[in-house]
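Considered here are two forms of the same protein chain, supplied as structure tokens in two stand-alone entries, structure 1 and structure 2.
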Structure 1
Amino acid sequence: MSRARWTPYLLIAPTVLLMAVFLAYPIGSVVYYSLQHYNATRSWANGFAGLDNFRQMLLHDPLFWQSLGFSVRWVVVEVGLQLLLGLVLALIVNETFIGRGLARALVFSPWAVSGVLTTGIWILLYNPSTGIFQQLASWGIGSPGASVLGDPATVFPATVVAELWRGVPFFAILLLADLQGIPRELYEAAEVDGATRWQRFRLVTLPHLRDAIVLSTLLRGVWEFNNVDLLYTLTGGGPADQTTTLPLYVARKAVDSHDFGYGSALTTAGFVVLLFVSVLYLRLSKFDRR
């Protein structure tokens, strides 16, 4: 480690400056607003609120708890499946075979088209009149006219699949990059020692991927928790608030009812939940000791 005292600070200075103005300050503002009555449509009632917003949220707002619950369910299902499928995929395209480059490019391609575009594609695919299910029904598979996004029974799997489509490649890319860093000698040595394929995976691959897995699941979990664009455009949180996540609820409060104070309180609550879970996760995985 170096003795030069000022070098690291000089190196991180531009990042710190950007983050201070465009991240730290806005966050501070949100916390400040959460303690205010701040509704753009009822300016006469605005002013210091103390913990009113939080009291309302925790005690008298079933939609807060429902949306928080759905957010948690969404994150657990999405991140779990994305990690599992991403790992399998990374292991597959890490092998040597003809057409591997092309297979990689194709497999990873949905990751490139996220956000509004993903939604557009899945709107086309799910639309009841000319979508994929209508097509399948015309071949005698399933029933015609099914609206998977409008039916409470199918809306969850339908949105999960759409998000998996663009989320799995993210894991696959990160894990593949890390897989490539494993020295070949380790596998050769393990093979010489008579390790089976499964043992090589468990004793060489997994320990090496540990940090990448911990970090990517954490980041992805946070992203999935805060993800707005897909659900907002695909279902709008419906049917009957079934797919309303906490950030969607926040967006509705802020954009539709201009209740910035209450919206800020919801945001603060989400932030606290994420922070708590993340610290717990880092502790449990012993990542913070490194």
Structure 2
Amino acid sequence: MSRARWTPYLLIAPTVLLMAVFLAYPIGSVVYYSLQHYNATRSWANGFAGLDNFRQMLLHDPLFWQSLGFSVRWVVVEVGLQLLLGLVLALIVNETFIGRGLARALVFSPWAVSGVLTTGIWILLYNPSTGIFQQLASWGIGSPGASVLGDPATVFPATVVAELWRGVPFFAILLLADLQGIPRELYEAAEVDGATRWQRFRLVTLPHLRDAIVLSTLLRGVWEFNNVDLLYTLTGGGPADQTTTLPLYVARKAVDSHDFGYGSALTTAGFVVLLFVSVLYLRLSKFDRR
């Protein structure tokens, strides 16, 4: 009986050990350094800081609040639009029509493109001298030489469109996989009962997609909150820090300024925000509860 009791723990011990090494240790290190003055360019001032970094961050750093606010705005807009467009595309390619295989390949292809290559494509498209807006200006639409990434009025929608191109296929893939698991008999029964197309979608399709939607929005929300490559390459956080997310601000402090203590404090704050929102979201959505 003693051997049977300990066997499951022995079997999961390698996984627990790997999680401790690759998850617990990095998280613990970041928390530790967040309590330190640790700047590689000012080694004489390094030492225990207590809560000084957090006090500076919360009370005397307006860029922290600005970057956090933009991160929230970025996540809400991106995830909302990606979910809506991804659901529409999934419903379209789930239908039977000629060329459906090609349509699915075209819909899913942006997801296979690397992040750096994606930003390279959109940099060329947004180029004020040779990009799409210069072409439109030559047709009399807009003004020539317009830089959508350098204008505070257009930089946000421009970056949103670029990330939509990359993120929509993620939702389309997941939702299409779930759509194909819905029994056709349910639609046939609803149609016999006189349900309209909208009623079939609302009463049959959406309830079956509920868990997939909750999980995909949560995962995508975390990824978009931590988005660095696209915004860093397209705008560098500008103009005037208007597209600086919290991870970009962390990179600026820790990598560019070598202030690893303050960067760790910013990272810890981001981790706490994500953890709190994720737990709250799962509780409110009643994920995996029928």
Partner chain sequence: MHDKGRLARLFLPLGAYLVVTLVPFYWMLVFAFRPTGSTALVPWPITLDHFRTVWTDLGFAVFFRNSLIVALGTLVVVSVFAVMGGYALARFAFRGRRAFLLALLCSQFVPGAMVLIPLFLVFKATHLLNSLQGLVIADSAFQLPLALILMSGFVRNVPVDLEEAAMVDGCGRLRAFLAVVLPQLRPGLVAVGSFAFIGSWNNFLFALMFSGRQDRFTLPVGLSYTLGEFNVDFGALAAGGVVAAVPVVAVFAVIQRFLVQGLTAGAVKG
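Whichever C-alpha set is largest while still superposing within 1.5 Å between the two forms counts as the rigid core. Not measured: the values here are computed from a predicted model. All residue numbers here follow the sequence of structure 1, with the first residue given the number 1.
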| item | value |
| --- | --- |
| Either 1 or 2, the form predicted in complex with the partner chain | 1 |
| Did V279 shift 2 Å or more between the two structures, C-alpha, core superposed | no |
| Distance moved by the A13 C-alpha between the two structures (core-aligned, Å) | 5.5 |
